[in-house]
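The data below hold one chain only, encoded as structure tokens and taken in the form predicted alone.
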């Protein structure tokens, strides 16, 4: 008899990491156009952390005012198709896939149903499930914003917060686009970020960026820690400021500062698509992007992974091994 329940990491109210508990819940059944994935690996990223804490408060208006409407977090995964709906044609049982769940969430579990049209792609053979799960959050976000900024070969691009999941991907994707990449991170991450292919690495604890003057075509702020004024100051005329992690306050400041400067602010929510997943798969398969794993946690350690992510200074991704080797 097939199991009708599964393990999932569940949070019933907003707050601290220890509120995330492993529970037995109903195992999903795929609808006609859905696939059922057995999840081998997932990750806890900054989006999961913010949703768990309801930070900012406006999160509650979408995900539940008093308690979470979606008690199972998780926006990325790598796994194997276990079953398909009767109308599915794109994938077959046994396919190894990776990708993002978009607003469905739910990847912090043993199984998840997703539409076959979702932000998924075949996992490259040269990646483990842990490595594949580390790609989509940072990779899709970075790809979306760098494309929106129209990054071109020869441009000078600065990535602020280059050791986080988004920053790591942004450094590598911008390099694959032919840009000259300057990465900004803390002292302990300088050598590691340089190994990712950055042309220049700056230690923000030792260098005041506001003294640089206008020299960059694109500035991608991935962690919402660089003052908007400093970002605008070091952009060339016509330059683009990507506020990838900005809240309303920073977006308003960015809009004001760029209004009369001839520079452009780019912000918002990154789109997650099957095309983006396929693009990342191609980059990974050809060695142009490498998954950056900070730590690997067991499924039972997922609350610890949340706490590590909350620290704000993690290197790479907090990957969760759900099942299998």
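The structure displayed is predicted, hence computed values, not measured ones. Numbering follows the first chain given and starts at 1.
Beyond what is shown, the protein has a form predicted in complex with a small molecule; the following relates to that form.
*Asks:* Quick one: in the predicted complex, does every one of 161, 244 and 312 get a heavy atom within 4.5 Å of the small molecule?
*Replies:* Yes, the whole trio is in contact, each within 4.5 Å by some heavy atom.
*Asks:* Name the single residue among 196, 121, 223, 88 that comes within 4.5 Å of the small molecule in the predicted complex, judging by heavy atoms.
*Replies:* Of the listed residues, the single hit is 223.
*Asks:* The small molecule isn't shown here, but in the predicted complex which of 210, 117, 152, 186 has a heavy atom within 4.5 Å of it?
*Replies:* Comparing distances to the small molecule in the predicted complex, the residue within 4.5 Å is 186.
*Asks:* Is residue 65 close enough to the small molecule in the predicted complex to count, meaning some heavy atom within 4.5 Å?
*Replies:* Residue 65: no, not in contact with the small molecule in the predicted complex.
*Asks:* Applying a 4.5 Å heavy atom distance criterion, does residue 165 contact the small molecule in the predicted complex?
*Replies:* Yes - in the predicted complex, heavy atoms of residue 165 and the small molecule come within 4.5 Å of each other.
*Asks:* May I ask you to state whether residue 259 is within 4.5 Å of the small molecule in the predicted complex, using heavy atom distances?
*Replies:* Contact with the small molecule, no.
*Asks:* Give a yes or no for residue 316: in the predicted complex, does one of its heavy atoms lie within 4.5 Å of a heavy atom belonging to the small molecule?
*Replies:* Residue 316: contacts the small molecule in the predicted complex.
*Asks:* Looking at heavy atoms inside 4.5 Å, which stretch does the small molecule contact in the predicted complex, given the options 170-178, 211-219, 88-96, 186-194?
*Replies:* Residues of 186-194 come within 4.5 Å of the partner.
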